[in-house]
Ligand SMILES: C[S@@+](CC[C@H](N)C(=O)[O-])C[C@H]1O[C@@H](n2cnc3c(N)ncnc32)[C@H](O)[C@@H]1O
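Taking the form predicted alone, here's one chain by itself in structure tokens.
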């Protein structure tokens, strides 16, 4: 079906989706803010715990100078393999290294790094306190420990859904129930909310605790995206992830989605409808029709000094 260590990239967020969303959040113009909020310098040795496909570690690696070095670790082997390949392709492998590792048992000596951080991780680990203790352990005295997370914000304006959008959403929610036991087993979304991190830092003895943040709203109609880029985002972020999810369900749970069953019929209907919607939205993009649907996902950064 799938390997346990590849659970996240298989079922929760794929590499293309993470690369697109994190690429938008970690914009070049925010570089100075990140270095300040995370207590970084161009010569620092930095660890990113739960680095995913390496989007942020590669971002930081473009700005470090010798002897600066960025390390990224993740439990998902697919993410780590991809991150290594991308670093080689971008010519920055001398500044960024990767390893497969459990966030609760980091393979580094005490005090190895000047700064240790994580992004959208603490809300998914079974023992948030153990995670932060481990981050503190591998941080040098006087170094900075930072936890970043996304705040859930309901958009103030959302274009009304038509019957096609509503049916797609209904079918997708129903099919997602098939992996609820897996999500519970892997503690997805059941960890510590980012808003609770400051009190955890305080309890564990971190000093000079600071709360910062960054806000990078996204709208596919934003003028900074050329039409070709909008079409790519429409395919890779709004259509392909659903198709990939359904196809993996059909393969992973053949008994539940056997041919002729109601569940299989719903899966096939969803596959058909997402491409109907995709073609419609593609026509809209090419005709210059705007929806102005804004995704609002502010990120909070909590940092403390060891």
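Keep in mind it's a predicted model, so treat the numbers as computed, not measured. Residue numbers count along the first chain shown, from 1.
Missing here is the form predicted in complex with this ligand; even so, the following discussion is about that form.
The candidate stretches are 173 to 181, 132 to 140, 224 to 232, 68 to 76, and the one lying within 4.5 Å of this ligand in the predicted bound form by heavy atoms is 68 to 76. Taking a 4.5 Å heavy atom cutoff to this ligand in the predicted bound form, the contact residue among 206, 115, 121, 194 is 121.
Here is the short version: of 200, 83, 101, 220, the single residue with a heavy atom within 4.5 Å of this ligand in the predicted bound form is 101. In the predicted bound form, no heavy atom of residue 39 sits within 4.5 Å of this ligand. Though the partner is left out of this view, residue 46 does not reach within 4.5 Å of this ligand in the predicted bound form, counting heavy atoms only. Using a 4.5 angstroms threshold between heavy atoms, residue 24 stays clear of this ligand in the predicted bound form. Although the partner is absent here, residue 60 sits far enough away that none of its heavy atoms falls within 4.5 Å of this ligand in the predicted bound form. Shown without its partner, the chain has 8, 13, 18, 22 in segment 7 to 37 as residues with a non-hydrogen atom within 4.5 angstroms of this ligand in the predicted bound form.
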